[in-house]
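Taking the form predicted on its own, here's one chain by itself in structure tokens.
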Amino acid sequence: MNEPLAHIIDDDEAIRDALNWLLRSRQVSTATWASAESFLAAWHEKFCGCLILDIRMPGMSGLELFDQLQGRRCLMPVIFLTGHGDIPLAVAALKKGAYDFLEKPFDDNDLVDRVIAALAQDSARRNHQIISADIAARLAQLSPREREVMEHILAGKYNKVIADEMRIAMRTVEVHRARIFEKMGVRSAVDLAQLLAELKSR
């Protein structure tokens, strides 16, 4: 379930088979779906990769599936396959967060390149989530007092100044500082600031 896949969702079996063969020839792992409904029924929040989605299909359309997935906070990149008359719909989907669209007939190499780029984007997003969750978990280990001391450290204050402002012994500040660095997995105030800046940038 956690393997990155290019999910091909198209009601046309010939197109599904052609895209499946094309992507696998470039070492891209795939899964194929004959309808939007079948993909939505199987979708799980742990799915990763990207979607290659026909914009018009019987029953639930590609656009309707896209809306449903956004409602479920699915962040996998979506590449729409469109006919010429569907370009305005595809542009509207881009404004709502779709990754890209390709007009049929499309260039095979162009499609594979875009799929590979979409897979890379999804991988980077998931890595960011893992790193952010790790930093947040470290922060959660800090006591309220340690968080207070940390704010002073991040402000660039010396131990003596922190001790005076918090009205505690300098030795106590030193102990708090050591525990903060240990829990956060850093060696210096600079490392600590960089780590928290990394969290805010995500």
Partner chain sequence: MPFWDPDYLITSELQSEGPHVAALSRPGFESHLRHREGQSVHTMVHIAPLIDGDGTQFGWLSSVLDITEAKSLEEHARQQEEKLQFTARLVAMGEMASSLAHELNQPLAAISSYSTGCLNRIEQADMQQAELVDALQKICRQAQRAGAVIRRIYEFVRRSEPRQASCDLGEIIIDAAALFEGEARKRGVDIRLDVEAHLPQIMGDRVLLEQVLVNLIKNGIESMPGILEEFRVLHIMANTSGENSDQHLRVAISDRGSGIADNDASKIFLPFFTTKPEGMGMGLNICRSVIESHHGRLWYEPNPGGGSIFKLTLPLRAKRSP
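Numbering follows the first chain given and starts at 1. A quick note: this is a predicted structure, and the numbers were derived from the prediction, not measured.
Separately, the form predicted in complex with the partner chain exists; it is not shown, and the next lines address it.
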Exercise for review: Flag this candidate site as yes only if Ser132, Arg187 and Gln194 all have a heavy atom within 4.5 Å of the partner chain in the predicted bound form; otherwise mark no.
Suggested key: no
Check your understanding: Okay, which stretch from 87-95, 101-109, 67-75, 124-132 lines the partner chain in the predicted bound form, with non-hydrogen atoms inside 4.5 Å?
Key -> 101-109
Check your understanding: Wondering, does Arg26 line up within 4.5 Å of the partner chain in the predicted bound form on heavy atoms?
Key -> yes
Review point. With the partner left out of view, is Ala178 within 4.5 angstroms of the partner chain in the predicted bound form by any non-hydrogen atom?
Key: no
Point to revise | Heavy atom contacts to the partner chain in the predicted bound form at 4.5 Å, residues of 15-32 in sequence order | key: Ile15, Asp17, Ala18, Leu19, Trp21, Leu22, Ser25, Arg26, Gln27
